[in-house]
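Shown here is one chain on its own, the form predicted on its own, set out as C-alpha cells.
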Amino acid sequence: MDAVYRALVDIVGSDYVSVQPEDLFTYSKDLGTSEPGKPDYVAAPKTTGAVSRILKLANEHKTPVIPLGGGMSLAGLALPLKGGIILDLKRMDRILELNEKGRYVVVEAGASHGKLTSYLHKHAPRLMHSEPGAPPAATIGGNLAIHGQGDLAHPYGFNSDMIAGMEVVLPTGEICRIGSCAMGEKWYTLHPLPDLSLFLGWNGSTGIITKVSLKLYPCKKIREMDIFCVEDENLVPEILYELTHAGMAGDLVAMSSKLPPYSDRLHMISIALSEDSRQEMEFKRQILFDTHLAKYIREGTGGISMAGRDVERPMVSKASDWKKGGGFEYVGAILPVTDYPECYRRGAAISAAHDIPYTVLGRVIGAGHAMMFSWSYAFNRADEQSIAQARKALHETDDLVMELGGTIWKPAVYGQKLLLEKMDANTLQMMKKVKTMLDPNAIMNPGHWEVD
C-alpha cells in the first residue's frame, strides 16, 4: 500500500486501480512479438480531471505513465519499458456531441471505432467516419496518436488529417484545448489558428489525448466492392493512377498473398464503391471499367475477379494469415504508390527466407499521394522460435523501408531507432526541445522517441 497506490485509489477508486500480479501480467504484453514490460500499477480513469491528477502525481514521484487505448498497436507502443503506471483510457468512451449538419462528432479518446460506427448508424445514418483496418475495439484516441489510416484514406488522407479539435492533458497535468474549441464550445475546426498538434505520432510521449472532434463524411445507401486482378506487379501503380484519376472509388487497396493458394502471385486491387442509387452505382462502374480499366481487359493483362453487392466496410486485418497459436504482426510503411512492385518482391522474399507465407498490402492515401504498405508475418504464440523468426522478419522489413526511402508507420523501438539515426540533425534537436519543454521529468512513455 505505497503512496502512489493510495493516491491512485483516491483519484479513480479502488475498483479501477490494481497492483495484482495477474493484472500486471495481462498489461505487460501486447498482441505482437515485443518483449513484455511489467508495469507497477494499472489505473483506469473516467474523466479528464482524473487524468490530470494522475499526471501531477506521476511528476511528483517521477513515475512513468504509459497511456493505453485499445491495445491493438501490436508493436509494443503501450508497453512499459521502464515500469510505471499503465493508464487504461477505455472507460473514457462517451460520445459527447453530434453536429449532423456541421458534419463532426466530439468523442472521448477511449471510445472505440466500433462504438462510433454503431452510434452513427443509429443517429446519423447519412454520415460516417474513417474506420481503420483494425478490430472494432481499437480506440479513436489510440488510432490518432499513431497517425492511423482507414477506409476513407483514398479521398481524405490519414485519420489524423480528419481532426477538427482536440483536448489533451500535458505531461505536467495541465489541460489544453486545440482548435476552435479553445475559443469556446464549438469543435468544428483547427484552422486558421497556430498549429499546436504536438501529440500525433509521438506514441503518447508528449501528452494524452482525452477528447477529439472528428470530421464526418457522406455515408451512401449502397456499398459494393469490385476486385480487379493482374499478374504483373509492375502494372499496379498505373492502374491505381487510373482509378484515383477517375475520382469515383472510395477505398483502394492492392494486395497479394501466398494463402489461399489461388491468390499466390496475383495482385488484387479492391475497389470500394458507394452511392445512393443503383443508377449512380452502375454509372460509376461503367466509367471505371469501360474507360479507365478497359485497356487492361482488352490486352488480357487484367480482369474483374469479383463484383460484390451489399458488402461490409473493408477490414484489412482480416486478410492476414494466421498460424496455430494465433499471432501476427506487421510492419507498416508510408511510401509512394510507385514503390508497390519493389515492396511486393522484397517483402515476399523476406517472408520466404523465414518460412512465413507472405502477405503484402498497400492502401492508397490521399488520391494517390502515398500508399500505406504492410508486410504481415504470422507466428505461433506458444512457440518461441516462431516468435523469434517473425521478429527477425519484422526487423529486416524495417531495414527495407529505410533502404527504399520510406517512413515506418507506428514503429516499434527498433524502427524508431532507425528513423532517429537517419533524421535531420536539426529536426532531432527540435524534437528534443519539444519533448523537454512538455515533459521536463521525462515520465511520458519513456523509451519511445528518445533523442540523445
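Position 1 is the first residue in the sequence shown; the rest follow in order. No experiment lies behind these values; they were computed from the predicted model shown.
The form predicted in complex with a small molecule is left out here; the points below concern that form.
> Among 381-389, 408-416, 394-402, 37-45, which stretch sits within 4.5 Å of the small molecule in the predicted complex, heavy atoms only?
Every other range fails; the passing one is 408-416.
> Although the small molecule is absent from this view, report whether L335 comes within 4.5 Å of it in the predicted complex, heavy atoms only.
Looking in the predicted complex, residue contacts with the small molecule do not include L335, since no heavy atom lies within 4.5 Å.
> How about Y330 - does it come within 4.5 Å of the small molecule in the predicted complex, if we only consider non-hydrogen atoms?
Contact with the small molecule, yes.
> In the predicted complex, is there a heavy atom of the small molecule that lies within 4.5 Å of any heavy atom of A138, even though the partner is absent here?
Judged by the heavy-atom cut-off of 4.5 Å, A138 is in contact with the small molecule in the predicted complex.
> Wondering, does R223 line up within 4.5 Å of the small molecule in the predicted complex on heavy atoms?
No.
> The small molecule is absent from this chain, but in the predicted complex, do P132, A145 and G207 each have a non-hydrogen atom within 4.5 Å of it?
Answer is yes for this spot.
> Report the residue, out of L77, C343, V236, V364, that has at least one non-hydrogen atom within 4.5 angstroms of the small molecule in the predicted complex.
The residue from L77, C343, V236, V364 that makes the contact is L77.
> Have a look at V360, I271, L89, V105 for me and say which one sits with a heavy atom within 4.5 Å of the small molecule in the predicted complex.
Here the answer is residue option L89.
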